[in-house]
Structures are given as C-alpha cells and as structure tokens.
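The chain that follows stands alone, in the form predicted alone, written as structure tokens.
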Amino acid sequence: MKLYLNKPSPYARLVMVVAHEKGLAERLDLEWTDPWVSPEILTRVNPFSRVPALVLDDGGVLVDSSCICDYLDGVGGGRALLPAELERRVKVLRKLGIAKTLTDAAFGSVIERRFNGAGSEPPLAARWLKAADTSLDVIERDESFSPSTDTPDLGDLALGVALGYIDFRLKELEWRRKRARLGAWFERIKTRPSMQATPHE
C-alpha cells in the first residue's frame, strides 16, 4: 500500500497513528508530498490534490482520512478502533465527529490565515478559531464524552491528533488554561507509541 502524506497535515497524522496502532506502519510505502503545489504524482491518484490518499495493493484509491482509517482498522491486527456493535459504535462516532470537526476548524483557520491573512485576521479564520475554542469547552464539561488513554478508540486518537495540531499551529489558544481535565488526558494520550512515532514538523 502506498500512502501520500505530508508531515504538517493532521489528517495524514491520524492515518499514521492508526497504522501504528493496527500494526500496519511497516506495510505502508510513504510518499511525502506538498499538496498545495498540486504535484502530478499526487493528482494522478487524487484529483483534489489532498492528503492523505491511500493506494491499495489492487490499485484502488481511498481518499479522506476517516475512510482510510476505517479501512486500516478492518485489515489491521488487534482490537477494533471502531467497534461493530451499534451502541459502542455510536459513542465512538460521536467522539470521532467532534474531534474531526475540531481538526477542521483548527486547520481551516490556519489555511485561511496562510492564504488570506495580509494585514488583519480573516473573518473566516476568526470564526473557525472561535468554534474550536467553544468546542474545547464542550469537551471539557461533558463527562459523558469520556476519552480513554488505556484502550483508545478511533475517536480518542482523533481527539489526541486534533489537540496536538492545535499545539503545533495555534498556540495562542492556550487551550489547557481553562481545561484541566482535557489537558491531563492529552498529556497521557500523547505518550502512546503511535503518537510519539508521528510528530508534526
């Protein structure tokens, strides 16, 4: 399998975290690329010029990190990160949805600043930044969210990656300042081998 990715991408990082958790990292042929310059090597497999993109052994291509993670969860070893049983699956999907949307807000803010940030804060970047901050308050207060570090599921891993990306790109949020419970959880999850093996750069 060939995985197209770049180091700053939180979406690509999540796929790599899952690959490590499922014992698949050594099976991946990593193709490092910059999607913002739309290189032909990437657009041949993903016309959207986005990472991650996974080329399967039979030549089929999966795009979107959630789809790729679902596939790796199915073909990899060990426990399921996205359980089949409906009640447990819904709980994981709830965490995954919030974590991925938090990532979208943080990533969107960073990209909006990158391309439209001359002179002042772009309105859309400010809106996404506020949404990210508000969602962190919700996660902190909602004890039913109950992220795990001992046996993390796909939602937990996605949340860990989202918080790591905020630390990497949006330090001004100072998200730990009002969120002791979430901060303590993140300090534990980030020590997992899969997280340690996939740092942002």
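Counting begins at 1, following the sequence as shown. Bear in mind the structure is a predicted one, so any value in this text is a computation, not a measurement.
Below, we turn to the form predicted in complex with a small molecule, even though it does not appear here.
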(message) Partner absent here, but in the predicted bound form, which of 34 to 42, 143 to 151, 128 to 136, 170 to 178 has residues with a heavy atom within 4.5 Å of the small molecule?
(response) 34 to 42
(request) Flag F186 as yes or no: does it have a non-hydrogen atom within 4.5 angstroms of any non-hydrogen atom of the small molecule in the predicted bound form? (result) no
(request) Please check if R113 has a heavy atom lying within 4.5 Å of any heavy atom of the small molecule in the predicted bound form. (result) no
(request) Could you confirm whether P52 comes within 4.5 Å of the small molecule in the predicted bound form, counting heavy atoms only? (result) yes
(request) Evaluate D64 for contact with the small molecule in the predicted bound form, applying a 4.5 angstroms cut-off between non-hydrogen atoms, and reply yes or no. (result) yes
